[in-house]
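Form predicted on its own, single chain, as structure tokens, below.
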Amino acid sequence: MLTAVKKEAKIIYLSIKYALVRELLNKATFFSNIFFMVLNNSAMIVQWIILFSIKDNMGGYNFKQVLLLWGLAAGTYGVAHFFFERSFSLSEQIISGRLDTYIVQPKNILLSAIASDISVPALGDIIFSFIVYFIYGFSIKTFPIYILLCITGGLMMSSISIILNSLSFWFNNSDMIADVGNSLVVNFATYPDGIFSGLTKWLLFTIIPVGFINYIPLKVLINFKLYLLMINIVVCITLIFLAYFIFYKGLRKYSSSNLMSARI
């Protein structure tokens, strides 16, 4: 089991390493993409500064707590898109038959496919996430938990995208479903759960599981409760296994494009 985990980790490490080498060929573009993403995220906070100047709390949260929510949202998004960028365009590879490259290699097909590229601006999201955490109030005790929650959130976000994109094995134009699903997760992640109620809030913990990606982690950081952290981890593991199951179930229906291409 440990050997298998090390093997999968090595696949991710090498994929990211080679992708970084490609991106660093143009250092100016590389660092400007990171800088402008941090700047873009910072600019979005202005709207909350204006709102909180009018009202003391939003959905039961004060400004610093909403700021922390934004940090978590940026951190989970950054982890998902930096380490598993191709999970958000997996349907394109399925529809076009470009999975051939990974099928012929003695590696984990899904992991090789989703970790084959990186999003450089996602590094800006991760950096912004850490900046926000330090503004909120750095703590040696909670910092490892914060990192863990960003990782589990990123894994859940990637898993949801894999599940939605894998529908392309069965249905045409299902990439539109994946795009809408991913957009809903990102859009809802930056708003306090207290402003939602009824059916909408139920959807945010089921069909659009933003609650497990951002809302529960936020509650863990504000007022630590072990059972909430365990729920977060259990849901993360469940979504990962579900993503693997659906992808490999659909892979049986995959039609090769007969494209001859190589990947190093």
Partner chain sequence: MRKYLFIMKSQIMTNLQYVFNIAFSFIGYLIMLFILFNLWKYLYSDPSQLINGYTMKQMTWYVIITEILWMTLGGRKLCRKISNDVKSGNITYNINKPYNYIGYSLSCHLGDILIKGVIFTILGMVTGFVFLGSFPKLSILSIIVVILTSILATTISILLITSLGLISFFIEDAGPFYWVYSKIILVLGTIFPIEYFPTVLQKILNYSPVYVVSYGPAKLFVDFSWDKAISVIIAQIIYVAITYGICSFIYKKGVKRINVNGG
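Bear in mind that the values here come from a model prediction, so they are computed numbers and not experimental data. Residue numbers count along the first chain shown, from 1.
There is another form of the same protein, the form predicted together with the partner chain; it is not shown, and what comes next is about it.
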query	finding
Contact test, all of Leu20, Leu218 and Leu242, partner the partner chain in the predicted complex, heavy atom 4.5 Å	no
Single option in Ile207, Leu51, Val234, Leu226 placed near the partner chain in the predicted complex, where near means a heavy atom within 4.5 Å	Leu51
The partner chain contact in the predicted complex: Thr29, any heavy atom under 4.5 Å	yes
Interface membership of Val180, the partner chain in the predicted complex, 4.5 Å heavy atom rule	yes
Partner contact for Asn40 in the predicted complex: the partner chain, 4.5 angstroms, heavy atom	yes
Met230 within 4.5 Å of the partner chain in the predicted complex, heavy atoms	no
Sequence-ordered list of residues in 181-218 near the partner chain in the predicted complex, where near means a heavy atom within 4.5 Å	Ser183, Leu184, Asn187, Phe188, Tyr191, Gly194, Ile195, Phe196, Thr200
